[in-house]
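In the block that follows, a single chain appears as structure tokens, in the form predicted on its own.
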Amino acid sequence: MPEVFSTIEAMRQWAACVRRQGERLALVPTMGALHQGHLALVAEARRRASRVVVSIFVNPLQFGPAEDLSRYPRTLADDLDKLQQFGVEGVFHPTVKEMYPDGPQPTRVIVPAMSAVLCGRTRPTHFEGVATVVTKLLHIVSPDLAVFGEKDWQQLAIIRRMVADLSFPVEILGVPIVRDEGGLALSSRNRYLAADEVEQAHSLYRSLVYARRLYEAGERHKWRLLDAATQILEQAGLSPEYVELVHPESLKSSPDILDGPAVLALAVYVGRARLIDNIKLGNTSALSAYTALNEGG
């Protein structure tokens, strides 16, 4: 079973010992309720480092006042069982009081422009909370490598920008999205879906794939691609919060005529579950295994 560290000092001491031994250390930050998407991150971390730490911390700073902090799933015992199967040596599982002893963190880390677009429009403090807690985790663990999923492309882009701007000595690795058999991106919030909502949720990926096929057929008009994806969602009875094309690194809105790579990103409520997904246009090298196997024709 992984060793569980509940204090910052204990985690620091363990990580420092690993570094003194000259071993490469990877960190996989999570909020727990682990599924195969998380475990794909852990597997990649194991391939790239000799020692792996997984953090499990439901970070209150990244939840808005009307969001699901209180009902966010907490499944520590099950999570530890899953991590043991992957040979994870350490789990950092602090309390909120340990991470924020004086209450809501008075010091915040903000990547302003990138945090104000896409999900940031309706979740204005979310990425501030993400950037702050990731900064703390990187300082506490001091890993050589930190692994994140590409499902939340905006989060990944913001963390990469933050690490570059603040000169963190850490490699940030993105791992392709893991999907179920119908293409739904795996998420801890998928458990909120009722049985009849799962098929609706599958339309998210269908909309992205449809737009990508148009792009691969030569369509470069941004609004035609966005309209095509939106129509698939609406046919499934969904009203998207947003469907947008942005630059993969800066998250700036793509030009009306695409002249380079882009990420097609969307957010949709399916029942009470707010789901996000994305797909890359112009670069198929990092598509998920599901996509490569099932959408090649």
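In case it trips you up, residue 1 is the first one in the sequence shown, and so on. Quantities reported herein were computed from a predicted structural model and do not represent experimental measurements.
This next part talks about the form predicted together with a small molecule, which is not shown.
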**Item:** Single option in Leu226, Val133, Val111, Ile172 placed near the small molecule in the predicted bound form, where near means a heavy atom within 4.5 Å
**Value:** Val133
**Request:** Could you tell me which one of Phe148, Phe168, Tyr215, Tyr192 places a heavy atom within 4.5 Å of the small molecule in the predicted bound form?
**Result:** Phe148
**Item:** Heavy atom of Asn59 within 4.5 Å of the small molecule in the predicted bound form
**Value:** yes
**Prompt:** Using heavy atoms and a 4.5 Å limit, would one call Gly37 a contact residue for the small molecule in the predicted bound form?
**Reply:** no
**Message:** Under a 4.5 Å heavy atom criterion, is Asp79 part of the interface with the small molecule in the predicted bound form?
**Reply:** no
**Prompt:** in the predicted bound form, does Met31 have a heavy atom within 4.5 Å of the small molecule?
**Reply:** yes
**Request:** Determine which one of 253 to 261, 236 to 244, 59 to 67, 43 to 51 lies within 4.5 Å of the small molecule in the predicted bound form, judging by heavy atom distances; exactly one does.
**Result:** 59 to 67
